[in-house]
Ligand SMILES: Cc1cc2nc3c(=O)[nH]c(=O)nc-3n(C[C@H](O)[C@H](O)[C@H](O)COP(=O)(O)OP(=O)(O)OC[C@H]3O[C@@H](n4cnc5c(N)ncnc54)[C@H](O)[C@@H]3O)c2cc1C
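Let's start with one chain on its own, the form predicted on its own, as structure tokens.
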């Protein structure tokens, strides 16, 4: 009987445990989690903050699930050290847990920029917004009079602003970029998102950064890079995340920006696997460089593949590409692949007020798209990107006609319908 050990109780870790149990009904599975909660929906924390999701509905897996799968979870416990020679993990409780197969699914942590006088340990009104606990603490602190400043106009910062809307006096979002969601969208798409959010009286200070804060036990004022100052009762720092690689690196496992894994999700050390936000994934659009993709579906898929392979399977992880599906105050955004590329042979845009349909084409392939309030064909576009389908082989031009499943030839339609991996 084997001993499987998983560090991390998020999407990658839990899906790995489920895959392991599907292939191995009797061996022991333990999960070490530095959070105090069972597996919950991280995308739901902004809806908990707004009051749209109740605490009991934020969990994806309850205690009964772990019990039914015979999975032991050590909550509120940190993995302090991995000994790959003795094949054991030292925890914050002083326990040494041995393993035959180990999965590192440590996720990522918020990046904290250098801001003069900023001290998370001392100032009680400064928050990150990545975990359920962050959302709980923030909800407990805000009042109807709170003047909130959010550092970061990316996905996390914008969802924090949505969660806070209607519960505080004012919200100001600050970002060094010239547009919201700069790592995902071009200016034209970003402007649609920003204008929609501004209708909720959320203010943006773009092409600026917070360079200094005032206040000892609490932040009372922020100073921007242009010299502007204004009052602040709540400061939310949401400028990005960094992969949690220290534990792996100290164990002698090969790391770059993320943990390096092969196509089977195995690290440079035998019997040690890694998955999720902490790893460097195979990039569909680059044969030379891997990337860190902090994406929930990616973590889920990689965890499942790693779990099966830990039991002896040999399943290759597919190359992936960036995908985002999100809404802001009812405005739906779906983006995938490469949005901007100087090599593109054609960028086709159809836009109206609060609606956009953008396709990015290179070398007879669809390599990216952005859909705003126009998401009906997202699945087919994603399939075209993933399969690297030659557009010239399709039944008609996807840029001149609203596509459906019949964009594929009859032979391809049949193949996709009966192929369990076809996505239809």
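Positions refer to the first chain, counted from 1. Bear in mind that the values here come from a model prediction, so they are computed numbers and not experimental data.
A second form of this protein, the form predicted in complex with the ligand, is not displayed here; the remarks below concern that form.
In the predicted bound form, at least one heavy atom of residue 32 sits within 4.5 Å of the ligand.
When the ligand is considered in the predicted bound form, residue 244 lines it closely, a heavy atom lying within 4.5 Å. Using a 4.5 Å cutoff between non-hydrogen atoms, residue 299 counts as a contact of the ligand in the predicted bound form. Taking the partner from the other structure, the ligand in the predicted bound form has no heavy atom within 4.5 Å of any heavy atom of residue 61.
Of the candidate stretches 216 to 224, 324 to 332, 185 to 193, 203 to 211, only 324 to 332 has residues whose heavy atoms lie within 4.5 Å of the ligand in the predicted bound form. Residue 79 is the only one of 79, 253, 73, 234 with a heavy atom lying within 4.5 Å of the ligand in the predicted bound form. Though the ligand is absent from this view, in the predicted bound form it lies within 4.5 Å of a heavy atom of just one residue from 55, 379, 51, 43, which is 43. Of the residues in 6 to 36, those that come within 4.5 Å of the ligand in the predicted bound form through at least one heavy atom are, in sequence order, 7, 8, 9, 10, 11, 12, 13, 32, 33, 34, 35.
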